[in-house]
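Below you'll find only one chain, the form predicted alone, shown as structure tokens.
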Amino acid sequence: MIQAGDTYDPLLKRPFSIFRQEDNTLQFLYRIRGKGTLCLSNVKKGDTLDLIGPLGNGYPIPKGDFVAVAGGIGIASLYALIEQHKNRAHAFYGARNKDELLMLNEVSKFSKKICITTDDGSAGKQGLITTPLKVFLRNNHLPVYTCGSMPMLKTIFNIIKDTELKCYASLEENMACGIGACLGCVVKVRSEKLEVRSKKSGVRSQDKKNLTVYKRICKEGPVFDLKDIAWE
């Protein structure tokens, strides 16, 4: 969570993935979307930034080859994973146009293979990145790591929901505190068991109905098993 400027306007810190760590430096990749990121773009060398972190839970460490699916600025969440596990990622990288394919040369260098799509066809194949991903996963049973828009994640869920594939998704959400106190960033997740304690006997029972509960993206996430999300 990074303070956007040296005043209280904007008041709240902004959430970012740690993009890369080199020696004693941390790097963050962001797109200017509003007042907070506009303030960050004006930070100069020697300025001081107030931040809290690291927070939340990251991706499980892959044991072998894996699939990394990035939608646009979602590459900021996946880049370190791809770089740290060189030549093991089958990267699928989609964006609206070629100008939004950030760090493309580096991602290509560190990946085992890479597939690129753009909405307008200005780079790679024209279309959504989930189209070639679906074809690939038919014959390649590898764990999937992904970050991007909720519509993209829902499409990936529909691809893998009836398979044994594991899929870990880093959810993008506005956050206020970053430590789970404000309950401002929550996601519906499925829980198959409800534990009930009897006041009289103290005996616990479990109801295996499909239930919906909420989890905090900043605290229990931002990475979740995609199959645990309660898609509507």
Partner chain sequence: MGMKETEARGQKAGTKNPRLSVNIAGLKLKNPVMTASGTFGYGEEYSEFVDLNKLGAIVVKGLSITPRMGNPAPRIIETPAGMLNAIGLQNIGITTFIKEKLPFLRQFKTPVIVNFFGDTVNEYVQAAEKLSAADGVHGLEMNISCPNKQAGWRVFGTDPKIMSEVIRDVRKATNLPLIVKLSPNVTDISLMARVAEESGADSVSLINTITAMSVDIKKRKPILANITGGLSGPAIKPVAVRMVWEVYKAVKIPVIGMGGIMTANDALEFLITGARAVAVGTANFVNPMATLEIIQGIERYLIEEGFSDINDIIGSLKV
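Positions refer to the first chain, counted from 1. Not measured: the values here are computed from a predicted model. So that the term is clear: the rigid core is the largest set of C-alpha atoms that superpose within 1.5 Å between two forms.
What follows is about the form predicted in complex with the partner chain, which we do not show.
**Q** Heavy atom within 4.5 Å of the partner chain in the model of the complex: which of 177, 165, 39, 29 fits that? Just give me the one.
**A** Checking each option against the partner chain in the model of the complex, the one that comes within 4.5 Å is 177.
**Q** Verify the contact flag for residue 190: yes if a non-hydrogen atom of it lies within 4.5 Å of a non-hydrogen atom of the partner chain in the model of the complex, no if not.
**A** No, residue 190 sits far enough from the partner chain in the model of the complex that none of its heavy atoms falls within 4.5 Å.
**Q** Evaluate residue 43 for contact with the partner chain in the model of the complex, applying a 4.5 angstroms cut-off between non-hydrogen atoms, and reply yes or no.
**A** Result no; residue 43 lies far from the partner chain in the model of the complex.
**Q** Report whether the minimum heavy atom distance between residue 21 and the partner chain in the model of the complex is within 4.5 Å.
**A** Output for residue 21 is no: heavy atoms all beyond 4.5 Å of the partner chain.
**Q** Wondering, does residue 58 line up within 4.5 Å of the partner chain in the model of the complex on heavy atoms?
**A** Judged by the heavy-atom cut-off of 4.5 Å, residue 58 is well away from the partner chain in the model of the complex.
**Q** Does anything in 8-32 come within 4.5 Å of the partner chain in the model of the complex by heavy atoms, and if so which residues, in order?
**A** Contacting residues: 8, 9, 10, 11, 12, 13, 14.
**Q** After core superposition, I'd like to know whether residue 225 moves between this form and the one not shown (criterion: C-alpha shift of 2 angstroms or more).
**A** Stays below the 2 Å threshold, so no.
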